[in-house]
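Taking the form predicted alone, here's one chain by itself in structure tokens.
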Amino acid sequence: MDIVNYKQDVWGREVLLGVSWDLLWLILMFAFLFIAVHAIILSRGERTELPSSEGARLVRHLMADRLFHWILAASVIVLIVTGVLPVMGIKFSWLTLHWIAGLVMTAAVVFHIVRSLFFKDLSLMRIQAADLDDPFDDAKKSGKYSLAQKGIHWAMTVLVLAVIATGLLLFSLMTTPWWSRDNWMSETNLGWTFVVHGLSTLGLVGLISLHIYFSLRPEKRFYTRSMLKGWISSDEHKSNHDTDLWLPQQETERVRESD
């Protein structure tokens, strides 16, 4: 299985064309196998009672953060659908919708970066040495974010930034409402841009598959609810988090932006 495809330019030289989309099936296969094995292993373990969602409600995600999450999710899904389906042979008018979704995602990410740098506590997402034994100690409780949550955040950050950077480069070559098509990039650089754009897209496909799986697991659904409604219960907080590392405020109280 090839990782990249090549073509011949007008001078007969072999240049990069882009990533081999055969890798898509490999990514999907590995994601399916991981999900299946993980689900089987957990199903054989001892079942524990889930914490109650009743009682005091504690703020986990503010409205601005929830809106960013769902705008990013929607734009990424549109980008994947409009970018991957034509490669799979499903033909439709996709290009305009693709770059519009890309611009929406770019604007959302810029908003999130500014908000994170100036209005939020970045230390909550920092991976520290104390986090590394999380997978090996079932009794250990994390702060606001577990090692897995931090890891998927940083992996998503790298992939999304790679998609945006290469996408903007490709966008600059297109005819748009603001400028006409301009082939300013060399064939070699264009090929590498397509390769990075394609590989980061494939990475997002795999990562999103795992993210959706974990968000639907019974013991993790309270996190999904918190991304919809903003809160977790005090029992869910005590069962899953170290109160010395993260102690959120009640929903009825005034919440600082750094939370």
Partner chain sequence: MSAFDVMSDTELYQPVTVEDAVVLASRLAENAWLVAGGQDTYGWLKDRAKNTQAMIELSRIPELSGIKRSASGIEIGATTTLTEIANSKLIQQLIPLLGEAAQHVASPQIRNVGSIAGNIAQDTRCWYYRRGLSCYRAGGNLCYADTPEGMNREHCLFGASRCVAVSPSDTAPALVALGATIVIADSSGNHTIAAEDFFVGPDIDITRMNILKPGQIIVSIHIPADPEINVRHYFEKVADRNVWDFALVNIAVSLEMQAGKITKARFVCAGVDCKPYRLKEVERYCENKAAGSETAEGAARLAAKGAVPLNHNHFKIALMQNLVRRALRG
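Numbering follows the first chain given and starts at 1. Given the structure is predicted, the values throughout are model-derived calculations rather than measurements.
Note that the form predicted together with the partner chain isn't included here; everything after this is about it.
Student: Tell me the stretch among 107-115, 147-155, 94-102, 129-137 that has any heavy atom within 4.5 angstroms of the partner chain in the predicted complex.
Tutor: Flagged stretch: 94-102.
Student: Should Asp121 be counted as a contact of the partner chain in the predicted complex, where contact means heavy atoms within 4.5 Å?
Tutor: Output for Asp121 is no: heavy atoms all beyond 4.5 Å of the partner chain.
Student: Can you work out whether Ile27 and the partner chain are in contact in the predicted complex, taking contact to mean some heavy atom pair no more than 4.5 Å apart?
Tutor: Residue-level check for Ile27: no, no contact with the partner chain.
Student: Contact with the partner chain in the predicted complex for Leu199, defined as at least one heavy atom pair within 4.5 Å: yes or no?
Tutor: No.
Student: Using a 4.5 angstroms cut-off on non-hydrogen atoms, would Leu190 count as touching the partner chain in the predicted complex?
Tutor: Output for Leu190 is yes: heavy atoms within 4.5 Å of the partner chain.
Student: Looking at Phe68, Phe194, Phe214, Tyr223, which has any heavy atom no more than 4.5 Å from the partner chain in the predicted complex?
Tutor: Of Phe68, Phe194, Phe214, Tyr223, the residue with a heavy atom within 4.5 Å of the partner chain in the predicted complex is Phe194.
Student: Gly45, Leu50 and Asp242: each with a heavy atom within 4.5 Å of the partner chain in the predicted complex?
Tutor: No, the candidate spot makes no contact with the partner chain.
Student: For the stretch 158-191, I need every residue with any heavy atom inside 4.5 Å of the partner chain in the predicted complex, listed N to C.
Tutor: Heavy-atom contacts within 4.5 Å come from Thr175, Arg181, Asp182, Asn183, Glu187, Leu190, Gly191.
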